[in-house]
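In structure tokens, one chain follows: the form predicted alone.
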């Protein structure tokens, strides 16, 4: 019997498994398909800066804790597995192609309140940093501490480290039910087996709501499709992550450029669409006109677990003494995975929490409406 059974083998579940296992906890991870091939594989690996000591909002504190952990996690995984996850500080720009020149001032001030370096730049200063940008760009925000990681490589390193630590990995095992007795989970049932454990963690991303529905916990998580396009350009026309709202360009050192991403509430449909791919290519060319000549390599999509209020669910499932949830991170699963894993380890082992989890509880009340959040 494992001390902890983790349901969901994406970056959140695998991070939890590795973190627990290196603190002496025996862990089994169940995944309905192939490990890490859902949202974890589909993202672009953008890691915004953060400062947990200066942040006041719970989400920002969680981001700040992860930001602090990323360099050490990356170094440890490389040492343990020999896999370089591509973590590096490349810097980032948030730009606007039209509108007033002061439209990013409030965003810059919000970053500075976290004691994160953020500098508003005029057009000429932006083009001095990244000459390939659209010359009509009116203003930009420079975040020199923005980092990136190559998420497929990071996941491979996580999985290898977890396996080396003795984590039992079971793929192709969709959970169909939880076996419960008087508020205590005894086992999770798959099609052909029951997996017994001391404690259980639900980290099944977009599928978490379905799995918890029989426990009286209606976590407001829905799948949100995100499509991404991969281009190639050598030499790279720019070196920093470039963002405009929810969309971005991420340059990899080997000449690949990720263009993302859409946000589509279409249920559990993961297919790429002509309109989605074409829109991303137009967006790339609008930000960096020279990308009109870039090579098209491939496209893919993933289902991100979006919560109704934009906050993940972390902590105990009400009415159960040995069931935790860690899901609903939406587009931030990768960036928040180290801090999430540490928090789960602290909860499992009864340790002091590095970040208060009450704001992330399953039965939280929506601060704007005074009601339990509902899904989109």
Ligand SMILES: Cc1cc2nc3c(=O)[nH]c(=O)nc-3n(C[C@H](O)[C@H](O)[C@H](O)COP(=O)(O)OP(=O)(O)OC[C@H]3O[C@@H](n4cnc5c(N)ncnc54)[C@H](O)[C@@H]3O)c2cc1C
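Being a predicted model, the structure only gives us computed values, none of them experimental. Residue numbers count along the first chain shown, from 1.
The following text describes the form predicted in complex with the named molecule, which does not appear among the structures shown.
The partner is absent here, but in the predicted bound form a heavy atom of 226, alone among 251, 223, 140, 226, sits within 4.5 Å of the named molecule.
A heavy atom within 4.5 Å of the named molecule in the predicted bound form is found for one listed residue only; from 311, 323, 342, 30, this is 30. Looking at the named molecule in the predicted bound form, residues 92, 130 and 287 place no heavy atom within 4.5 Å of it. This chain is displayed without the named molecule, yet in the predicted bound form the stretch 167-175 from 114-122, 82-90, 167-175, 96-104 comes within 4.5 Å of it by heavy atoms.
A residue is said to contact a partner when one of its heavy atoms sits within 4.5 Å of a partner heavy atom; residue 283 fails this definition for the named molecule in the predicted bound form, lying far away. In the predicted bound form, the named molecule lies within 4.5 Å of some heavy atom of residue 207.
When the named molecule is considered in the predicted bound form, residue 45 lines it closely, a heavy atom lying within 4.5 Å. Contact annotation for residue 150: none of its heavy atoms lies within 4.5 Å of the named molecule in the predicted bound form. Residues 329, 330, 331, 332, 333, 334, 335 of 329-350 are found to place at least one heavy atom within 4.5 Å of the named molecule in the predicted bound form.
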